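A single chain comes next, written as structure tokens; it is the form predicted alone.
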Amino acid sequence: MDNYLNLPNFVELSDPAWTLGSLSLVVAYGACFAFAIYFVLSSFQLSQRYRLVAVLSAVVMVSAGLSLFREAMMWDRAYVWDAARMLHVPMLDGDTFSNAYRYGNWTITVPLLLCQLPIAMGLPRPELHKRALRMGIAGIAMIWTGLVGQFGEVSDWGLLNLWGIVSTLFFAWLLWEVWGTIRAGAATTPAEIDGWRKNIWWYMLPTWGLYPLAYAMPQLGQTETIVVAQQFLFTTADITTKLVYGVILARFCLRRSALEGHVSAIEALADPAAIGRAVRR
């Protein structure tokens, strides 16, 4: 029954609105599958120490792509076209749309992409495991409390806001752990790329912040604009916090690998002089 309680199941959509919602999901899962290949190939350019960062990004892309593909299929099946009224009408007595499957996917992908961070920072193994565990616990707690609350987005805003606040507390803990991990990387990051390390924090802060905005958006009204905007925000957040974040970490690790003398990384950065120095070592 709870799967019915997401906003798209209660709002009729014009054809442009329905198409935009569908298109956002199709583009997102297509990008995820394409970049899974990119991350596998880019892993061969990294030194052994950082290769897992790209491999985990590939796993995240496959998992997110499958989830978004399922969301796109549900979006297609959740509406029936009413030619007389020129509207896509929700099928509450048949297939329905649910954002809950996003939360299931985040349970897998969020701990993985958080685990990438201490690896990219080059932290010692004991500290890496400790920080990854704390970030993973905070992330899963944030996701599952949000999952409970999102079932109130249509008719129970008390439920939505109560669990939204609880989820936000775990989100604040998560951000604190992320900041601590990035700050700990100052001791191991070469000066030449330390700016990258600092900018990762400023990139993560606004992109992760898109999720609570999408979560709270149904309170602005039960209209097609809100329905489509919520899907766009969720999808944009997925792409920026997983795909683009993965690219940033991969490029950061490529530069670390090159500075540490890894020939494949130096070749990828097209620095002939550095290649010569690395070969002579």
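Keep in mind it's a predicted model, so treat the numbers as computed, not measured. Start at 1 and count along the sequence shown; that's the residue number.
Another form exists, predicted together with a small molecule; not displayed. Remarks below refer to it.
Please determine whether each residue of Phe171, Trp208 and Tyr211 possesses a non-hydrogen atom within 4.5 angstroms of the small molecule in the predicted bound form. Per the other structure, all of Phe171, Trp208 and Tyr211 touch the small molecule.
Just to be sure I understand the contacts: of Thr189, Thr181, Asn99, Thr109, which is the one whose heavy atoms reach within 4.5 angstroms of the small molecule in the predicted bound form? Selected option: Thr109.
Just one of Tyr29, Tyr50, Tyr215, Phe35 has a heavy atom within 4.5 Å of the small molecule in the predicted bound form. Which one? So the residue touching the small molecule in the predicted bound form, by this definition, is Tyr215.
Interface membership of Arg256, the small molecule in the predicted bound form, 4.5 Å heavy atom rule: Heavy-atom contact with the small molecule at 4.5 Å: absent for Arg256.
Verify the contact flag for Gln231: yes if a non-hydrogen atom of it lies within 4.5 Å of a non-hydrogen atom of the small molecule in the predicted bound form, no if not. Result no; Gln231 lies far from the small molecule in the predicted bound form.
With the partner left out of view, is Phe151 within 4.5 angstroms of the small molecule in the predicted bound form by any non-hydrogen atom? Contact check for Phe151: no, nothing within 4.5 Å of the small molecule in the predicted bound form.
Counting only non-hydrogen atoms and a 4.5 angstroms cut-off, does Gln116 reach the small molecule in the predicted bound form? Result no; Gln116 lies far from the small molecule in the predicted bound form.
Using a 4.5 Å heavy atom cut-off, which of 51-59, 218-226, 241-249, 37-45 contacts the small molecule in the predicted bound form? Among the candidates, contact is made by 241-249.
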